[in-house]
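One chain comes next, on its own, written out as structure tokens in the form predicted on its own.
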């Protein structure tokens, strides 16, 4: 039963993503795919997996323990906070903080997570901004 409920939730979320992508305003100068393509692809994958879960659920799904559920809730909260702070604080700082937190949740020490977050953020910035020339959110420090 819980797989079917999760499938319905995934299908509902896919619908919200599709609607959210459809209201994105497009400028006349953009790449051929436009800003709607990526959310639509993710929504399609989410809808297909949601339908699959509803049609063929597991017999006895195993739910994680309370501690693991709490980690999942914290991780989702960090990703929502990341999306909200990205335009304000900038890509490098928010990505470093989010990557460090998620690395820590995956079992790293605080020091390892901080180093990992900084390296992940710097690496993504290097590839996306400097190599591919994509525009990333700038923070108060200018990067």
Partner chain sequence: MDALSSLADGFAIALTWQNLALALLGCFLGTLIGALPGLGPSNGVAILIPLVFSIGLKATPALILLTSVYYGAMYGGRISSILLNIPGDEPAMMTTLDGYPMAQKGQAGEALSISGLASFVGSFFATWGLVFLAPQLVKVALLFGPAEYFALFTLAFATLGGLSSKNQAKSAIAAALGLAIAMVGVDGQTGVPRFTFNNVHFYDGIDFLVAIVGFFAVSEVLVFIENHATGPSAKPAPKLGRIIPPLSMIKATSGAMGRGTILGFIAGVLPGAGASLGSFIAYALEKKVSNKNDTFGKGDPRGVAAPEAGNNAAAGGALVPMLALGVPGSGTTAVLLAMLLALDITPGPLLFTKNPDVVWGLIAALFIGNFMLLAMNIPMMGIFVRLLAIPAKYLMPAVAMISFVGIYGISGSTFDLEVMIAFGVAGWVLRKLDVPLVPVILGILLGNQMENNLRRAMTISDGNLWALVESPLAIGLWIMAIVGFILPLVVGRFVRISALKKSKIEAGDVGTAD
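Quantities reported herein were computed from a predicted structural model and do not represent experimental measurements. Numbering follows the first chain given and starts at 1.
This next part talks about the form predicted in complex with its partner chain, which is not shown.
Visitor: According to a 4.5 angstroms non-hydrogen atom cut-off, is residue 132 in contact with its partner chain in the predicted complex?
Guide: Taking the distances in the predicted complex, the answer for residue 132 is yes, it comes within 4.5 Å of its partner chain.
Visitor: Contact between residue 55 and its partner chain in the predicted complex at 4.5 Å, heavy atoms?
Guide: The answer is no: residue 55 has no heavy atom within 4.5 Å of its partner chain.
Visitor: Consider residue 122 of the chain shown here, and say whether it contacts its partner chain in the predicted complex, taking contact as heavy atoms within 4.5 Å.
Guide: Heavy-atom contact with its partner chain at 4.5 Å: absent for residue 122.
Visitor: Within 4.5 Å, heavy atoms only: does residue 68 come near its partner chain in the predicted complex?
Guide: Contact check for residue 68: yes, within 4.5 Å of its partner chain in the predicted complex.
Visitor: If you look in the predicted complex, which residues in 74 to 89 sit within 4.5 Å of its partner chain (heavy atoms)?
Guide: Heavy-atom contacts to its partner chain in the predicted complex: 75, 76, 79, 80, 82, 83, 84, 86, 87.
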